[in-house]
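Below you'll find only one chain, the form predicted alone, shown as structure tokens.
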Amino acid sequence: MDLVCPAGTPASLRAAVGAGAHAVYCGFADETNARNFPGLNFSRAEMAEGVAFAHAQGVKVLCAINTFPRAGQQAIWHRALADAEAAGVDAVILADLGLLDHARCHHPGLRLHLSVQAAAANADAIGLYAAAFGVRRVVLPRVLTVEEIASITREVAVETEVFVFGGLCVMAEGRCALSSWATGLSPNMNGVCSPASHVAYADTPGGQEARLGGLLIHRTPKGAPAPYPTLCKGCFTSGDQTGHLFEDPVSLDAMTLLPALKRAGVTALKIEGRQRSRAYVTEVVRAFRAAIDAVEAGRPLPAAQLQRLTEGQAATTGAYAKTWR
């Protein structure tokens, strides 16, 4: 199984390659990718340099152009496709139907991967993307059990990629409007969930308060770990009860499920975290590369201490092992 690793900056790309990535994914410094944060991502020159560096080490580069073009602004996304091809990337990761069609018609040499933002969660949907646009790999949404993934891989002639570590979106990707409701910026169109420009912290007698777009999301006691303020993992009071409405602040860690994911026919394992530091990328990539090598060799999984790198210092296997919906 290939290990697909985050590269939010050129420095993180080099760190991921050095730590054992089989492939890295990154995006341009604009709204065409779903991690459009200040200080992240690649200029056109940096993308070409990153591709050359990775290829020299035998590592592939996947370019995420996975937001949805706004009406009248499609040229921004079309230009990103052309520039990604010119940089020599190994594949582009797309979600929008029109953009997939544009790539198929105008860039037939580009390998197309379907973004998790498309939320294609069954064999019929995936087969349609493959037949209509020539999609070669699909990144599955984080709402499927391992058994459901196995069912999909048996029915499709398309590679499958799944997330195994990092931030856990509790919605079916591509179907969330919470951040845009609070801030006016959509994660699926502007490329940013809970943008830093709309986040504010304040120390109060009751603890540290975190607000998103003026809305109080968390009140954390002094000295306690403070999660990043996203509405889906916010802490709310209703009547005399206070708690997390959708999901606790927690990260995905599916390392123990790697043997099961291999048996399910998964092609690639993806680590989330393009907004994370080089140190985070190095440690997580190194741990998962060691785990993959162990699985491939039939050895027991090595011990890994990654919990301190998770959100809220807590981890979950997400929907992979859940029996409820």
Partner chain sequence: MAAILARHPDILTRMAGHAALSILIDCPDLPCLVLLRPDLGRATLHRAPPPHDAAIAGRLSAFLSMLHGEEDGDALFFSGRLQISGNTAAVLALRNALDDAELDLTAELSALTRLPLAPLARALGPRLGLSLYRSA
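Source: prediction; values computed, not measured. Residue numbers count along the first chain shown, from 1.
Not pictured, yet referred to below: the form predicted together with the partner chain.
At 4.5 Å between heavy atoms, only one of the stretches 291 to 299, 277 to 285, 62 to 70, 263 to 271 reaches the partner chain in the predicted complex; which one is it? Residues of 277 to 285 come within 4.5 Å of the partner.
Any non-hydrogen atom of G20 within 4.5 angstroms of the partner chain in the predicted complex: No, G20 stays farther than 4.5 Å from the partner chain in the predicted complex.
Can you work out whether G39 and the partner chain are in contact in the predicted complex, taking contact to mean some heavy atom pair no more than 4.5 Å apart? Answer yes; at least one heavy atom of G39 falls within 4.5 Å of the partner chain in the predicted complex.
Exercise: E31 in contact with the partner chain in the predicted complex, heavy atom 4.5 Å: Heavy-atom contact with the partner chain at 4.5 Å: absent for E31.
I'd like to check something about G223: if you look in the predicted complex, is any of its heavy atoms closer than or equal to 4.5 Å to a heavy atom of the partner chain? Yes, G223 lies within 4.5 Å of the partner chain in the predicted complex.
Just to confirm, with a 4.5 Å cut-off on non-hydrogen atoms, which of L245, A125, L215, V199 contacts the partner chain in the predicted complex? Only one listed residue qualifies here, and that residue is V199.
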